[in-house]
Every structure is written in structure tokens, then in C-alpha cells.
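The chain that follows stands alone, in the form predicted on its own, written as C-alpha cells.
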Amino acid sequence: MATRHCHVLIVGGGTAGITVAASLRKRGGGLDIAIVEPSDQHYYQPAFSLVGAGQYALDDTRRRVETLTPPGVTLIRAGAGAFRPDADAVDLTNGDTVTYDWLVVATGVVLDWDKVSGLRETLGQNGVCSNYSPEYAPYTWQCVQALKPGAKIIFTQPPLPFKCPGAPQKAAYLTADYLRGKGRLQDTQIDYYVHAPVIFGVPYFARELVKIAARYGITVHYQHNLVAVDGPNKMATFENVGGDDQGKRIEVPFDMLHASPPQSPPEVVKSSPLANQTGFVEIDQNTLRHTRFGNVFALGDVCSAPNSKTAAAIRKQAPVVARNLLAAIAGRPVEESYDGYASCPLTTGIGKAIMAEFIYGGKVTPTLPLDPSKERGINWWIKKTALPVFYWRYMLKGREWFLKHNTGFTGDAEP
């Protein structure tokens, strides 16, 4: 056991942790910064939906964490075992303890496969796949290619909050478009089971997505939650979570099941003094500073801000955390504000996408001067080609030049 001290401790070396570390280093100040991260591989997760559609190579989504750690930042290869904010300390899973002056929590969320009975046991076989894991995304593409005429396909969306809320339907549209191209779509039954009462949380885009699902012949079942999977017998069980039939369960046969798992903060966060009642790190949604511990900030999927959990959100959050943290260190007012921005390139088919951008309250805030409700080839190019380059070469290196989103957009009454 050993104890070391650092000026700024960042727990989590994923997108949020590395980006905020790079942002702090770009601003100088000679801070002693350390990142706690147990994994050796870092993944560009937004591309997993493309991997599952045969449009992207899994190898191109990963890098070694040590190669992405900003120069001058110490990488501690361990996980967080306990947060002790009253003592300004984090106990690590290797038995060591790190004390800090300032803490940034960026652990992300975990995939709760076990919340769906039988799901973990059958993943990667029996036609059960998921683009939410690099281990299983390639199997999605195998399943899609193996579909035969008359196949029954199920896609599921879990309860919020979960990362990239558009991902489950991206998989549905890409699969449907592939089958259309093969001339087999009309012979296939595709069902999309959504826990929410709407297909997407922003009404402006939801109106278009309902039309797209209908175009492919996808039947959308609202307020249904996947609760069990029998892989060998190809049977999925759903529970109705709203309306007159609330609590009623139904069994649905399938040939292919794309399951999007429930997600939650890691147990070490949920059980810590940093968490709110839902288990997320309790922060002010604008400053991203903890509401009870003034030397703690959080960003990314683990923080309690009510934004859509996407990499684009982190891109906007990281500079806010960096500027506010440095202001707090200098004894200045914490004034930088995050407006809830998130972006979700909704791939509605191979070669086309809707670029959904919005802030708190579901207000549409497009970056490009184009109708954001329309499917466009340029949005596919942005999703597949431009954003990965931007991610690796700019975002993770703390280069923060990017176009501003239009908060004055007024076209969200009707698309």
C-alpha cells in the first residue's frame, strides 16, 4: 500500500477523462495531473453502430490508453475502489490511495447486462447481439448477413438514462436498409421495442424518425421493456411499462435480437458520498461543479446533468470543466456554463443520416445552415469520416476549435 498526492486527480481515462486532462494541459499552469484508469484499450464508441452494420472496422475504433494520455499527465493503472471526498482521497483497487487538491470524476457508466434475465449468457450467440460492446458489435454484422427471408428481428431501447439514445434505432435502420438493398426487406418482420412513450426525446426529430421507421416497415412498440431472453429457444420477454396493460408481459420469438442494455454509474460511484439519489455524481448542470464538495467536478456519462449522454456532449463539457476548475484554483468566480449541448448523428440508412443537435429542454441547435430534420449524405460523411478524425486528432488532444451551434434556431415548431 502506498499514498501519493496530486494537484488534480481525474478518475476515468475514457473520452471525458482524457479530453479534460488535455484541455487542462493546453491551458498550462504547471498542474500535477494524474488519471486513474484500469483499462489498457480506449474505444471510439460512436463507431460501434457502423461496425455492427459492416461499415467500419473494429480495429479502427481502438487505441492504447497510454498513447492517448496527454504529455505530462501521470497514468495510474488501477480502478477507483472508494471515494472519500471528506478526506480528499480516492482509494484504488490495487490497495494504494491517492489524495488530491481537486477531483474530476469521469468514470462513465457500466452496461448492466444482468438486469435482463438470461441476456449475458446468450450474448454473441443464438442471434443475440449488441452494438454497445466492442466484444459483440462484430457479431451484429454476422447476424445481419445471416438473415434469411421471413426472419423476425427485434431491436430494443432500455430505460433512460443511457449513452447515445439514438444508437438502438440506428441499428434498426441500418439493418433495414441493408435488407432493402438485398431485396429482402419486404419478407422480413422488424419490431422496435422502446421503453419510452416516444421514439426520440426531442419532438422535432421524433416526428421525422416515426416516418423513417414506417418507411422501412418497422413496427414500433412503445413503453415496452426487455426483461428476459431465452437464447436457445429464441424468445424475448417484454414487460409493458405504461397504459392500461402496465405490468403485463409478452413473449416474442426472434431470429435476431439486438439488445441495448440498461446502464448505470459504477457501484463505486453509486455508493459514494458524491452521488445523488439516482447514483450519478451530483453536479450543477451548468458549471459541472459538485453541489456539495467544492473541489470536485464531473463530466461525461456519470454526471447528473440532464443532457443526452454522447461524445459530443463531452466535447462541450470538457472546456467548461477545465476553465471553471482553473478559475476555482485561482480563487476566481466559476462562470463558464454548459448549455446541455448534445449531438446524435442518426444514421437512417447506409450513406445518409440526420444530424440531431440540441441543448437542455430539447431545443434544436444545428451547427450547419441546413434543415436539420432532413437525411443527408454529408451527415453520413461527417459521422463516418470527419468525426473520428476530429476525435483522435483534435478532441482528445485538447484542441477546442469548433463551429458553434445555433442557439437561435427557430424552425423547431414543425420540420
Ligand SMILES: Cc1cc2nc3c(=O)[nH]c(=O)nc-3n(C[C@H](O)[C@H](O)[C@H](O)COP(=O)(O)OP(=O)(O)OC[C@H]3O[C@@H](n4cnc5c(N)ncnc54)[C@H](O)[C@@H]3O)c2cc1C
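The first residue of the shown sequence is 1; numbering continues from there. What you are looking at is a predicted structure, and each value in this text was computed from that prediction instead of being measured.
The protein also exists as the form predicted together with the ligand; that form is not presented, and the subsequent description refers to it.
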| item | value |
| --- | --- |
| Proximity to the ligand in the model of the complex (heavy atom, within 4.5 Å), stretch among 328 to 336, 94 to 102, 310 to 318, 239 to 247 | 310 to 318 |
| Touches the ligand in the model of the complex: residue 297 (any heavy atom, 4.5 Å) | no |
| 4.5 Å heavy atom contact, residue 140 and the ligand in the model of the complex | no |
| Contact flag, residue 163 vs the ligand in the model of the complex, heavy atom cut 4.5 Å | yes |
| Interface membership of residue 49, the ligand in the model of the complex, 4.5 Å heavy atom rule | yes |
| In the model of the complex, the one of 212, 185, 78, 196 near the ligand [non-hydrogen atom within 4.5 angstroms] | 78 |
| Residues of stretch 380 to 395 in contact with the ligand in the model of the complex (4.5 Å, non-hydrogen atom) | 383 |
